[in-house]
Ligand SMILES: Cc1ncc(COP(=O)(O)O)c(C=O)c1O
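Let's start with one chain on its own, the form predicted on its own, as structure tokens.
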């Protein structure tokens, strides 16, 4: 029998050397296989999708047959870009220079990250990220050949002095940050710290890539002012955002605020990846947003997720705190960060597999959120998501997790 073609000589160095399987995906599969309670899902909860409103928004979508043609708007549907611009201005998220021509509609925030990576990264260049940071962004940057270095952070995000220590010693292409309710830690950087980071970035001529998909999911007051807004006319900040957390992730529509200096370059990469994005989808989303009380929708989401955040915090206080396990208390978003160093466990990845297979509860190991060469910094930490977990399920899931910590053989 002829052996199937293996492609072993044709695989690119990118495929062989730069990409690793997503730890989040691995744990998700193990969770499904073991029919476990998932504390891993960093995505919106399907039970609060605005199904009826979206049905109405898309009901008349084919009345305009021009939407079936290649879009004439390179940056996406103008009406939707105007809505985004007005919304960001109204909410104090964008300075005066931002207009619809600076808004690029993307296939979720993931494509925005991909486009920035293609535009700004050369193989071997240094990109700074928070330590820890979103694992899929690390994969994207590494795919482009970046040397990612994690800037030490605390409960207020990136530590300015640590940021400056690094940029004093080496050339840096840009800084990537998730300043609000960060994935994976749930941390939020206060305005005072953002101002210091901006001052250092200006002094050393470094752009900032601000990824802000959780901005509106703020449960204990308004989110701090964006880097984009704080920078004003400096125009060194790129800002990505998404409708995934506000409407539904399957809409696959995000946006990137692009300074004029790199608009042609970003657009060239976007076109090379597939001409235009679906105008039909963008029109349906615009119809939904135009007919929706946006403030009421945001308030509903915050009320719903606040209950789940509080339920998870109560479960942790009951079952994990007595074990000496430390966690933070996020003011928004979907995540909180745990530190199990007091238990003596120094391989949370192995523990996580034990927990999902033996106690039917899944978490994401912290090592997944650090640059490859710095993975040991996350050896005793883990991420929990409460977005899809009601308080009763949180109580049971964390109880199982505490049992796993007690029974795991180090």
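Numbering follows the first chain given and starts at 1. Here the structure is a predicted model, which means the values were calculated and not measured.
Here the subject shifts to the form predicted together with the named molecule, a form of this protein not shown in this document.
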Identify, from the list 208, 285, 109, 103, the residue with a heavy atom within 4.5 Å of the named molecule in the model of the complex. 109
Quick one: of 227, 134, 141, 174, which gets a non-hydrogen atom within 4.5 angstroms of the named molecule in the model of the complex? 134
Residue-level contact is defined here as any heavy atom of the residue lying within 4.5 Å of the named molecule in the model of the complex; does residue 244 satisfy this criterion? yes
Counting only non-hydrogen atoms and a 4.5 angstroms cut-off, does residue 332 reach the named molecule in the model of the complex? no
With the cut-off set at 4.5 Å between non-hydrogen atoms, does residue 42 touch the named molecule in the model of the complex? yes
Touches the named molecule in the model of the complex: residue 185 (any heavy atom, 4.5 Å): no
Stretch in contact, per heavy atom within 4.5 angstroms of the named molecule in the model of the complex, of 121-129, 153-161, 260-268, 211-219: 211-219
